[in-house]
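As structure tokens, one chain now follows by itself in the form predicted on its own.
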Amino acid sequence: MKVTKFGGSSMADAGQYRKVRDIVLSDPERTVVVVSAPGKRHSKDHKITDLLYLCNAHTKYGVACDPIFDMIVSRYTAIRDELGLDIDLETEFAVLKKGIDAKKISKEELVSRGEYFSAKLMAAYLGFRFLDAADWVKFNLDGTINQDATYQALKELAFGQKIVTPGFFGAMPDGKIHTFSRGGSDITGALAAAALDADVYENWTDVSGILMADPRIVDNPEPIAEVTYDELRELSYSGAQVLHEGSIFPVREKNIPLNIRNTNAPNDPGTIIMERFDEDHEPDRFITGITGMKDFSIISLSKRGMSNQVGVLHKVLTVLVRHNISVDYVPNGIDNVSVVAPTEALAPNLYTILAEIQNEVEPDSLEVHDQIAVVAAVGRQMAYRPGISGRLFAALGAAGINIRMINQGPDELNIIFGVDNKDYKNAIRVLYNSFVK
């Protein structure tokens, strides 16, 4: 049994609906379908959810949103008419508009209608039953998911049926609509897969799986065939644009394979994500993916005898906590320590932070290095290959790239290093060309 989730690009117009229908009906095991609101049809187009947020903003400040609302209605009716569906959308849209004008509809309910109408159309097109997410996705009073109630509700409502349900929202204990953060349809899909103990959770988007590097930096990077959840977490934390983090937990908890697929290339196998893989499935290459981010700062301090003093690092981190700074990496030596954090977070209070560190620690030297990019090479096989770090740094050195910082965890799942911002893209290309091609 497969739970399938289709993102906004897969629902953008009638042509995409046809692709989704072909995918779902090609496999009788695809019995539960979760859909997003229609995304952009082209670069200058608008996502339906963005238009709904805009409509809410207009109403909030007393400005009529009629032209925007008409754009929304026309997108759905155009899809319906092109697909030849006999479904009355106008009545529900009229009720929705009346609620907007009277300011009797909440922001969350309004923006959730993108997925709601998308699912209504897809259910009619597939001949499946429409199941409102508000009937089974249950939130607690604090906005967290009531997992037990959610799972039980879906088991009862979906048992033995083929259904289409909207992503992105559910209901509070009082029945009011509550939404996830943007991208939350991934969470809905994962909850459905976990609730029904699916064999596979398929997440259909517009790329053939997770790529080994950013295609804006590396030409035609290879997709990652198989990746563990730990590797995915490392890639995501280090800058890769992958799945909504909350969407991983429900299926990871039940060890359900998550398959990233491409609606526009349905025969591509995509990327399989699991807790672990058998030895037969271990990759030949030791690097699973290469990613990174720019614009970090390194605060470095040194003090003779620091290694014999208790609490130096604690004092530095306490200063940063007072200023609500999240530290990403803490590379250190015997008598020196550095903290790495986004420049944007440090900049507003940098001199105050430095003054407080100076007062608390009294270091011999205290320096800040800006314009730093952090690059991460991630791979579960790196721990079993001697000399990996040396090979990585040798390749960067041969390309004339100066390494400003090195950080590696004890599990050896990743090797993280800092370079100047100007060398960021070249560093990723060098690593990809040296160890992937």
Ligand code: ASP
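As the structure is a prediction and not an experimental result, all values here were calculated from the model. Counting begins at 1, following the sequence as shown.
The form predicted together with the named molecule is left out here; the points below concern that form.
At the 4.5 Å threshold, heavy atoms of E234 stay clear of the named molecule in the predicted complex, well away from it. At a distance threshold of 4.5 angstroms between non-hydrogen atoms, G184 is in contact with the named molecule in the predicted complex.
Remark: E202 does not count among the residues lining the named molecule in the predicted complex, judged by a heavy atom distance of 4.5 Å or less. Although the partner is absent here, A37 is a contact residue: one of its heavy atoms lies within 4.5 angstroms of the named molecule in the predicted complex. Heavy atoms within 4.5 Å of the named molecule in the predicted complex are found in one stretch of 29-37, 396-404, 373-381, 64-72, which is 29-37.
With the partner omitted from this view, the residue of F117, F296, W136, F168 that lies near the named molecule in the predicted complex is F168 [heavy atom within 4.5 Å]. The partner is not shown here, and in the predicted complex the stretch 289-317 never reaches within 4.5 angstroms of the named molecule through any heavy atom.
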